[in-house]
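Let's start with one chain on its own, the form predicted on its own, as structure tokens.
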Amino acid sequence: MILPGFEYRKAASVAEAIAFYNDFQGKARYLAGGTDLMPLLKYRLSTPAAVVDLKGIQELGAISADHGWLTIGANVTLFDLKNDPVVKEYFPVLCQSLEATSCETLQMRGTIGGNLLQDTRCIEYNKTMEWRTARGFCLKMGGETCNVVPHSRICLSNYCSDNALSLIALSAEVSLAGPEGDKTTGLEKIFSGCGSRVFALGPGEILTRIRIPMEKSRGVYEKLRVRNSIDYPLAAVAVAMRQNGARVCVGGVGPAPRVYDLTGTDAGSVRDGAQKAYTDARAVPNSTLSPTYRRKMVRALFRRAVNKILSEGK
């Protein structure tokens, strides 16, 4: 499938990338590994006037551990990150989610920043322009209603990053740079909760770094998918357990991850947490598996992940 026409700019710094974005009056997209953006361009799901390449920004390609944080540049590839010795020693849930992301060929290309900022997915959306035109445009394409849930005014397409869940479970922060300046916030706070505009980011903002508190943890990542390679999660649960308790993040069901802090790890607390996740899951018929099954699997994966950590600690 042929790419649409657009201007290409390669930035040598974050400031230059933002300047390119401003030059095109906001009608530009940032490019990192391209594993998410290129299919969107080919399907005409995104038609920017320009693509600004971030791969040449060297400062975004480093991993460092100091001052109580592991700092990961947004351009670090998934493959390099999963093989980093500090990540292996301190953050097993992140290693597992990285390993579960697609295949090694795409892990070598895809970046952690691009993986976090990937678009949501829907069986009625990720199609060719011809298919979408024949079906009729949905909310995410600028239409008036959802094609999956009739009369819905909220897009419930699925956010399918494996690694956002593990990083949220690890209480990660992200640094953002944009035309209005720099800021740092919790990763879970960048989501809007609506699939038609997934992220609550300002125009032209670039995710530059991810920071994780340097505290050893136990962790498990559980993922529901049809095939055991390449597939996006149709439901997923990440758990990180530290001395101060367990943090659970659920994703793949709806437009944003959900976070649960367990006050205890006894059977009752785990059961109640899993039930709350089941109740909160916003599953609709927009994937290859039924909403009922996916919701039930949220509860099952929640309990399975937490209990697996507890059994390993005995």
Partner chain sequence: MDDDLRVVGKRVAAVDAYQKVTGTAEYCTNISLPGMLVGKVLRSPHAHARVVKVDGSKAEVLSGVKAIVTHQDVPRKVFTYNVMTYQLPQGELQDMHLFDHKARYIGDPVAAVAAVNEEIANEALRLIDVEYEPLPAVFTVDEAVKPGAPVVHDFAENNTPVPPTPVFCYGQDVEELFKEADAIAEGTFSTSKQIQAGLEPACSVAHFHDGRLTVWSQIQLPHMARKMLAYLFDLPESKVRLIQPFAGTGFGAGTDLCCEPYACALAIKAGAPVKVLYSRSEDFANRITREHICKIEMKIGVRKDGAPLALKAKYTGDAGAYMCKAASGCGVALASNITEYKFESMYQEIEAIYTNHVACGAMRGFGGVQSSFARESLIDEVCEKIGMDPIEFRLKYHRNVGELGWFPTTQISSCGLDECLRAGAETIGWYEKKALPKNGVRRRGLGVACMAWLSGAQPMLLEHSNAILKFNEDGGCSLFVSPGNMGQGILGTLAQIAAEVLGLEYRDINLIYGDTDLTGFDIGTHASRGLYCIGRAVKKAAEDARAQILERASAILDAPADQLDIKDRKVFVKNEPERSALLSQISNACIYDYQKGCRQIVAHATVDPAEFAPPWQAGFAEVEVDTQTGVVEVIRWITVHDVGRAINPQVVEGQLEGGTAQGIGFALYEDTQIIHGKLLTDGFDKYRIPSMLDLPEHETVLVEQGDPTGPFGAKSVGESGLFLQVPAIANAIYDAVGVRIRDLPMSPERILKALKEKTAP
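Positions refer to the first chain, counted from 1. Since this is a predicted model, take the numbers as computed values, not measurements.
Form predicted in complex with its partner chain: not shown, discussed below.
Here the chain stands by itself, but in the predicted complex one stretch of 195-203, 72-80, 122-130, 237-245, 122-130, has heavy atoms within 4.5 Å of its partner chain. Its partner chain is not drawn, but in the predicted complex it has no heavy atom within 4.5 Å of T35. In the predicted complex, at least one heavy atom of N228 sits within 4.5 Å of its partner chain. Put simply, T288 is close to its partner chain in the predicted complex: some heavy atom of it is within 4.5 Å.
Looking at L301, you'd find a heavy atom of it within 4.5 angstroms of its partner chain in the predicted complex.
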